[in-house]
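Next up: a single chain in structure tokens, the form predicted on its own.
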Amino acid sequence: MSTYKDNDYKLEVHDLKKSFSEHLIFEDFTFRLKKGEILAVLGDSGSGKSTLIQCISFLERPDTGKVRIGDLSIDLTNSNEEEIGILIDQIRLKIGVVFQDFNLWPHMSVMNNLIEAPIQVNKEKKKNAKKRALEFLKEFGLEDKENVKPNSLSGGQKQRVAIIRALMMNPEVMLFDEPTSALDPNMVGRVVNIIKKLSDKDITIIVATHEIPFARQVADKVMYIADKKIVEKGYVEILDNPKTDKLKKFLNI
């Protein structure tokens, strides 16, 4: 565990590399984000956006590199597997992930989807967990859905439940994998508002997306990946003035 003097930067990724067997997915991924900043990761299908989300959350273990969230830092060159395992468990508790297909438990009610992890992982009292869940459901306009099963919900409702489920663990970082892919276009504006609301709470956010208009609406910063590398990164204004031919082609400029 390391303590950093610069507390403004909530998330730092340095020289991250991931491959599956002999197939390289990406390498040399380095970036950092401040508290409350929103990064949109842009790229074509297969470019590694979803794998990056999985590596930062350690659902997939990167081959090499360093990841820091708050005061926790993991150096994957460390040969002490026991120490790395402990740090991975700790860092996962700081991260909320909203998957493309939401990954809600279909056999459980909405309420039980929300309170299962806080009770089982954080050992929170059921009464307190239910109270917090009801507050979130009201905030997200789902107060009448606590007892229904996920299969009865619309795509937008499922997504909001998935976001609440992540928020129940009090994350410092939220990761979204293609959050608009399963939604009606009319819902995109609502998703933008929800993500910006989370940012206002000082939650640092990464959004993997191939939707350029959505990235323009939601992000403070963007990062375009292609050919296993970060091609271009910076504030969202780079979408109006890209420097590389690859990003220009992606944007159809």
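Start at 1 with the first residue shown and count on from there. A quick note: this is a predicted structure, and the numbers were derived from the prediction, not measured.
The same protein also has a form predicted together with a small molecule, omitted here; what follows describes it.
J.: Since only the chain is shown here, I'm wondering whether residue 48 would be in contact with the small molecule in the model of the complex (any heavy atom pair within 4.5 Å).
T.: Contact with the small molecule, yes.
J.: Are any of the heavy atoms in residue 235 no more than 4.5 Å from a heavy atom of the small molecule in the model of the complex?
T.: Flag for residue 235 set to no.
J.: Consider residue 100 of the chain shown here, and say whether it contacts the small molecule in the model of the complex, taking contact as heavy atoms within 4.5 Å.
T.: So residue 100 counts as contacting the small molecule.
J.: Consider residue 60 of the chain shown here, and say whether it contacts the small molecule in the model of the complex, taking contact as heavy atoms within 4.5 Å.
T.: Result yes; residue 60 sits at the interface with the small molecule in the model of the complex.
J.: Residues 105, 137 and 146 are flagged as a possible site; in the model of the complex, is every one of them within 4.5 Å of the small molecule by some non-hydrogen atom?
T.: No: none of 105, 137 and 146 comes within 4.5 Å of the small molecule in the model of the complex.
J.: Looking at heavy atoms inside 4.5 Å, which stretch does the small molecule contact in the model of the complex, given the options 27-35, 50-58, 64-72, 190-198?
T.: Of the options given, it is 50-58.
J.: Looking at 44, 202, 184, 227 here, can you tell me which has any non-hydrogen atom within 4.5 angstroms of the small molecule in the model of the complex?
T.: Here the answer is residue option 44.
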